[in-house]
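Only one chain comes next, encoded as structure tokens, the form predicted alone.
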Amino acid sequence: MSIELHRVQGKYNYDRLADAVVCVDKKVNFYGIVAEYEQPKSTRGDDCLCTMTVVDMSYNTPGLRVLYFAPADQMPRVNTVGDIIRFHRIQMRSHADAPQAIGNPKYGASFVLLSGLEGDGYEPYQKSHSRYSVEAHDRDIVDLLRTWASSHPIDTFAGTNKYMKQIKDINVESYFDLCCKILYVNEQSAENSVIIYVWDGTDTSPACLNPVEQGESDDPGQDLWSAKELALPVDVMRSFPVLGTVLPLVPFDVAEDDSGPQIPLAGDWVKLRNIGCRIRKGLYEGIFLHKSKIGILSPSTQAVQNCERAYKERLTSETLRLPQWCPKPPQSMLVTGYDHVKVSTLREVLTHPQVTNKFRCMVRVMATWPTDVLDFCVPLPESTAGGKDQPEQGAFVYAVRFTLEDPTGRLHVFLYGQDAVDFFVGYPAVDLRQQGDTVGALKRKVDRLLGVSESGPSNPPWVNCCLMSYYLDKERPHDTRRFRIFGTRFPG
């Protein structure tokens, strides 16, 4: 038997949405299922504005757009898409030849919010007023809507649009929408703005480094590291998925009221609308603009399920675990003897629970320190000459720091001693200021690693390398953990 919702009479008369939308310039009462919901935003006046789309079995495409104006503490706070909202005395209008409902408690509008799940009770989890009634016919309407929604995925009514992108497809040339999960909300950021960190399981494309940004100090690697000011402590990152770019969204200026910041919580899936992005120091940052919007999504939404399913596939596939923008199969100018070892992301390296461990990674080399190849080798102190890291050819040792990057993070790693001699195949540690031919050969290698181009910005290639973690102080192993390259060669 088909489910139909008719005009229901009782203490209040409730219209089907199909009947309500033709009542232009009249006030109506109706129930609806929330198909889209955007977090309240401040207006130029004293009120905030909450926008949502509601549907029922009579009017599910495209649904009815509802604009609700009220003080912040009287705003509807929808828990999840698919919940049921009841409006009383809401004004029907027409905007751009489409029906639109406008509510304001100053003019008598009110609402109650109930769970949309079958079997749940009839007690609202939010109401705009203390005096409300739920009669037998109200329960019948709620049951009908819950039963109908259980076999009609609500997200299909909201639909998608040409602006919807994944994190892997974002660019600085356009505005876009994004279905993503909030992993962390940082309310302690600079300038009293709130930064949220979002993720959808995909990897941002590699960004070229702007030469103008690289000239801010003598140490470009440290410049790149300081650009991670939007990055997070290791303890926070341990809760993140191991694959996929975590995109900071800045600035996220929101009005605060008695109920706290008007943003969803970490762990919520959301739909971001009309956002932009920029690249700073080679890192993507999302930009939340005044005209941007944020809406909550149900975990059962198809877009959410697609993201979670694709992520599970990445976790279990050796090929899909690789950065999505590196060549398939991988083509690396660096060679290791550990190709049988699973590739780890830099986030996995940084958050690994064991302080000492070994990893194989697919990364890009973004910078070296020193920048001048002439300074790659340093003299060993007399007290250490002849030690295990000293090359046989003389009292010099390689001491280089690389700044590595993959879609999940950046990391400083050291190339030192015999590991460096093995890395620079055929070029032992010597006084490079006395070895012009060696310097030229090393510079060509390093330029290839850094993707140096005479015609444009640097664009480093993807390379395969092995990393080892260690500590400097056994009393503070986690605080003094460092990383170095080992078991990796650069032939040719």
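In this text, rigid core is short for the largest set of C-alphas that superpose within 1.5 Å between two forms. Remember, it's a predicted structure, so these values are computed and weren't measured experimentally. The first residue of the shown sequence is 1; numbering continues from there.
There is also a form predicted together with the DNA; it is not shown, and the following applies to it.
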Consider the chain as shown here, without its partner, and state which of R238, R273, H88, H152 has a heavy atom within 4.5 Å of the DNA in the predicted complex. R273
Name the single residue among F69, F423, Y31, W462 that comes within 4.5 Å of the DNA in the predicted complex, judging by heavy atoms. F69
Give a yes/no on whether R93 approaches the DNA to within 4.5 Å in the predicted complex, heavy atoms considered. yes
Indicate whether the DNA has at least one heavy atom within 4.5 Å of a heavy atom of K291 in the predicted complex. yes
Residue-level contact is defined here as any heavy atom of the residue lying within 4.5 Å of the DNA in the predicted complex; does N306 satisfy this criterion? no
R65, heavy atom within 4.5 angstroms of the DNA in the predicted complex: yes
Spot the stretch among 448-456, 430-438, 463-471, 46-54 with residues whose non-hydrogen atoms come within 4.5 Å of the DNA in the predicted complex. 46-54
Triplet I102, Y107 and Y163 all within 4.5 Å of the DNA in the predicted complex via a heavy atom: yes
Mind listing which residues of 458-473 have a heavy atom within 4.5 Å of the DNA in the predicted complex? none
Would the C-alpha of G45 be classed as shifted by 2 Å or more between this form and the one not shown after rigid-core alignment? yes
Is I90 among the residues whose Cα moves by 2 Å or more between this form and the one not shown after superposition of the rigid core? yes
Align both forms on the core first, then report whether Y427 has a C-alpha shift of 2 Å or more between this form and the one not shown. no
